[in-house]
Ligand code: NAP
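The form predicted on its own is given below as one chain in structure tokens.
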């Protein structure tokens, strides 16, 4: 297993994959830690979690540097990611006790109530694109609920995985409450089948989600999946075009476009199509790619050369089938896997750019003759993670968000983002279950009914 700097192409470090025996020994240790951790009170858990928050902020420059080196994230975005991890730690440290307190229910019994109890060790299978945030939005609620965790991180960000494991230890959590497993994807099924693993959560591609769901289902274990997305954004004729274009470009280029909730498809009412297109293309053209450590860099390289090549093939195939390139659409010179901000139009069903997730800085513009047609186009996808609506008419925007768009997260006059206070997740092939908020912390607990006569 190797960590390779995508900007320089240099090997950062090589790691030996854990043997099946080593994995089993770690899981056994984590289960033993659970037997005592589950008995601790919320106050003690919160002390450790707030220590973890402090460690993240204390070391944010160092941790951001690991992200920049391993997957090419622009440094200012990496620092923001660490700060967001600190936020989720604080949020659950302060709210877990109220989220999981007993809830009385009036029945004929003298007393009846729901109690939320930890279930054990949860396996987290996590991706490389937000190598700290994806982990912490699982880690914070899981540990505050009294569970323990093991992490199978993406193979190209082993340094991030081990750094998180070390942070948890330094924050004062008991030994083995959270451990990283340096294993490949082919070893995940065996971990899920281990009887000491009680549930699994995955953030990643739809094929990976289907594989994990099948493995978990075969042994009747709970799973939560946050998968791919092809988020549509509706630009209505009464939208603030300049604001809409700016926010849409921000969402599309965040993390070099490598985001499941990045804005990807822009469906514009005909009356304002040309105006939006001109502003959107102008803003996309102003973005610069380069050294992710350079403060002037807008977007860094994609995480791996194969990912860049796959993205370009999707663009090239769509162009061969009749799509039009308004900007970008080429592979730059040099060894680093950069891909320029790219805008396509005249994309129709059958093209890769119409049906597939474009995991990089590529945007697709669609012209709609009416709001009804725009909704149909937005929902014409196997995905259902996020969506956006831009309009001055807030009531209309809310109505489209609630009843029109098929997605787990819809934002009106803003781009989709995760927030510890709000439930996050998708429908259709974007997965099931929710992370964050009160909903997320209750995904991996035993909702236990207690009745007293």
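Residue numbers count along the first chain shown, from 1. Treat the numbers as computed from the prediction; the structure is a model and nothing was measured.
Unshown form predicted together with this ligand; subsequent notes refer to it.
Within 4.5 Å of some heavy atom of this ligand in the predicted complex lies at least one heavy atom of residue 153.
Contact check for residue 363: every heavy atom lies farther than 4.5 Å from this ligand in the predicted complex. Residue 137 belongs to the set of residues with a heavy atom inside 4.5 Å of this ligand in the predicted complex.
Proximity of residue 129 to this ligand in the predicted complex falls within the 4.5 Å heavy atom cutoff.
The three residues 37, 91 and 141 each lack any heavy atom within 4.5 Å of this ligand in the predicted complex.
Listed stretches are 199-207, 369-377, 286-294, 348-356; the contact stretch with this ligand in the predicted complex is 199-207, by a heavy atom cutoff of 4.5 Å.
With the partner omitted here, the residue from 194, 211, 112, 95 that has a non-hydrogen atom within 4.5 angstroms of this ligand in the predicted complex is 211. Comment: this ligand is not present in this chain, but in the predicted complex one of 64, 27, 405, 385 has a heavy atom within 4.5 Å of it, namely 385.
Contacts with this ligand in the predicted complex, taken as any heavy atom within 4.5 Å, map within 224-254 to 226, 227, 228, 229.
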